[in-house]
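The chain below stands alone, shown as structure tokens; this is the form predicted on its own.
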């Protein structure tokens, strides 16, 4: 081995050692306060730990904690099914609404002719930095029977609903509370009848959906705004030369260029919607009739209230699996392309040139 190779190896080793020395504190902290607790929770989910003493001294029970709410039926299974149903509707409504609204706000703020951009950025982002507990308390007051929302409806000669005490789903309310078909009423999934699965979110959950969209759109607006400002002017000019109008430029150029940011926003939104806890804890612990119960709150309730620590840990890991599955699906649908910037621009502008040629030919 030549002296040059030895010198290069020593230099590389020193660089690696210095790099590991810098990241070692972060790795140690993450290992102690993140990795070890996750491994301990995984052990608790398959043990009979009672919350006293060390979890390592508890016995191994296998998948019994998972089967208690996934396969045995009864109240635990029904509570889990209700929480999944409620959170599924919360996810289905919140993620698309907050994504579309945040993208629209970003496009609006990014316009060159808009004045006082700093004011609008601050105004749209301000709800995101406000305490969730404070906003939930205010929201509950607004939608209470004597709150401002019902007071405004009374002035319009409309009887305000009992927002946080009506357990019926909005789809059933829209249809006038129809009678359940025997097949849907008798068939069950996770202890909940298919008729209840199709009832839609309760009025209280709808209020939380509106609150979530209101409080999170500002943060995602900043992500979209940063991505919009990285789109080069040459791409927009090329689209103009190809005869694209405003909508065609947005649909064929701007939106595809935002695909990595769109994936990030949808992924963060999915994680946030499936981990909703603060609003449920502050507003009434899943009331009315458990129509606002979520898996995250159910995990807390099973462990810290019912002292079923294994079931609570198992619920959290099932929730983790759900989040992973949705993230993978979103990666498959909205994942960023591996093409270079130049190739991506040519690919995006190709449909616009085809439209222009078609217009000229006609």
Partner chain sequence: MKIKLAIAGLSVLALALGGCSDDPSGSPSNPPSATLNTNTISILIGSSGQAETDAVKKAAADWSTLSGIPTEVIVASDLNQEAAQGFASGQPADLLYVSTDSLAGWTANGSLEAYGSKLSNLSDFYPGLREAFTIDGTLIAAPKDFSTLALVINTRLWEEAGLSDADYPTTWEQLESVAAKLTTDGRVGLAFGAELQRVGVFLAQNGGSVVANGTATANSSANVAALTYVQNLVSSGSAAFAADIGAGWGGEALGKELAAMVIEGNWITGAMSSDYSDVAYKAVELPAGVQKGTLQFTNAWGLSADGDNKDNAIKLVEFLTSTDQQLAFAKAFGVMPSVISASDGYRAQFPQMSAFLLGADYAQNLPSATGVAATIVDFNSTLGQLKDSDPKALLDAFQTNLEAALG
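Numbering follows the first chain given and starts at 1. Owing to the predicted nature of the structure, the values given are computational and were not obtained by experimental measurement.
The same protein also has a form predicted together with the partner chain, omitted here; what follows describes it.
Picking from 73-81, 88-96, 219-227, 114-122 the stretch near the partner chain in the predicted complex, with a 4.5 Å limit on heavy atoms, gives 73-81.
Within 4.5 Å of the partner chain in the predicted complex, a heavy atom is found for not a single one of 131, 191 and 278. Using a 4.5 angstroms limit between non-hydrogen atoms, residue 22 is distant from the partner chain in the predicted complex.
Interface residue remark: residue 309 is counted as part of the site for the partner chain in the predicted complex, having a heavy atom within 4.5 Å. In the predicted complex, residue 165 approaches the partner chain with a heavy atom inside 4.5 Å. The partner chain is not shown here, but in the predicted complex it comes within 4.5 Å of a heavy atom of residue 53. Out of the listed residues 175, 282, 289, 180, 289 is the one that sits within 4.5 Å of the partner chain in the predicted complex by at least one heavy atom.
Taking 145, 198, 100, 271 one by one, only a single residue has any non-hydrogen atom within 4.5 Å of the partner chain in the predicted complex, and it is 145.
Shown without its partner, the chain has 16, 20, 28 in segment 16-30 as residues with a non-hydrogen atom within 4.5 angstroms of the partner chain in the predicted complex.
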